[in-house]
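In structure tokens, the next block holds one chain alone, the form predicted on its own.
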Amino acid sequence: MAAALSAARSGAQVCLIEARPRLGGTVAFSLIHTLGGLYDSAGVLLNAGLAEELVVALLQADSSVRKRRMGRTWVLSVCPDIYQAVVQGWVESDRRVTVLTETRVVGVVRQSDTIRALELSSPAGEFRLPTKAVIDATGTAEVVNLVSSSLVQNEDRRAAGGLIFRMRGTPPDAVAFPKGLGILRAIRDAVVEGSLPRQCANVWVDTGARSDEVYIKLPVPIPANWREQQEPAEVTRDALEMQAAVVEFLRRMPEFAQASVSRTGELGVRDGGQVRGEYLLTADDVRCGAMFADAACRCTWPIESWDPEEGVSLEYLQDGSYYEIPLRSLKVRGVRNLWAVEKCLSADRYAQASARVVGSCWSMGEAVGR
């Protein structure tokens, strides 16, 4: 969405292709309610441009939207439904952007080092779209894979995915510190006792955008063959079974006795493979605050690693510091007019674990679109 808006503002005619019936991306459909990567360690906006405009638009949209401290970071707390409505209205208001929903890229027409057209599948049938440039904003390099699987690097051990669900009907501050820690300890004790599945040991809980809601995140191992037709359904089925066990356990607690699941997000994939770009962003770049002449944006989010077995670990940057993401990490190697933004940027696993957050993704998209 950021790439589309930015390219349109720069004078391009843009076609934004969306597989779902509505815009909103991972935030809206995987149910992310804390937007990271927008602020520095002092709570000051890190990047100007569309990221700043997004914050302003969301704060104006609803009184429940607020900036808040989370550990050593700052996030923007927002209901995913509000986010979805704001960004869809924003994109659709730009006359240079044509939005094609319920449409997928199923093929790429390539001539030498240049993409000439995309083959699309929609409810109206299949058709070919000539293009001057292509930006893969799927987060999992779906379009780049169609060009050549050799352009995507996959780790043997990928980060755990996440299934997030929302429960409503809880008392205010039901999981606020220190209550939340007590709930997590009770869940882990139940895992040790065998009354909850082993995967539940790394469950995460957080207050919602509204006072009577709690968001619960379940880490979900993503197998190497997750793209295969049957595998996503099997992974989601296992995650939903884990969700049912956690909900049953929580409802025995006084805070959740009257609560019910109000919404469950789609399975979120943090690590669907990174493109082979003209530059590989590394963990050393992140840790030392690397600067680049072709900087796309600034980032200061911790290295947030979700191990399938051990759960989440956070490696924070020094207060007041940041690093830059270069445009070369967003330019796909060997294809003149192909770019990739968001979670599939060219980065090692630890750099990607810091760079993949919402604020950085909006600023990456803006830079490439421009």
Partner chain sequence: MPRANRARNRGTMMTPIEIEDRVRQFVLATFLVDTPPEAFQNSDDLFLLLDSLQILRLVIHLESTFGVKVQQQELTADNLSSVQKVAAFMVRKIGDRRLARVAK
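Residue numbers count along the first chain shown, from 1. This is a predicted model, so every value here is computed, not measured.
This next part talks about the form predicted together with its partner chain, which is not shown.
Residue contact with its partner chain in the predicted bound form: D94 places no heavy atom within 4.5 Å of it. F165 falls outside the set of residues with a heavy atom inside 4.5 Å of its partner chain in the predicted bound form.
In the predicted bound form, its partner chain lies within 4.5 Å of some heavy atom of G71.
The closest non-hydrogen atom of Y316 lies within 4.5 Å of its partner chain in the predicted bound form. Proximity to its partner chain in the predicted bound form, taken as a non-hydrogen atom within 4.5 angstroms, holds for one residue of I183, A117, L100, I82, which is I183. Interface residue among Y279, W226, W204, F292 relative to its partner chain in the predicted bound form, by the heavy atom within 4.5 Å criterion: W204. Looking at 209-217, 185-193, 101-109, 154-162, the stretch with residues near its partner chain in the predicted bound form, meaning non-hydrogen atoms within 4.5 angstroms, turns out to be 185-193. Contact annotation for 157-179: residues with any non-hydrogen atom within 4.5 angstroms of its partner chain in the predicted bound form are F177, P178, K179, listed in sequence order.
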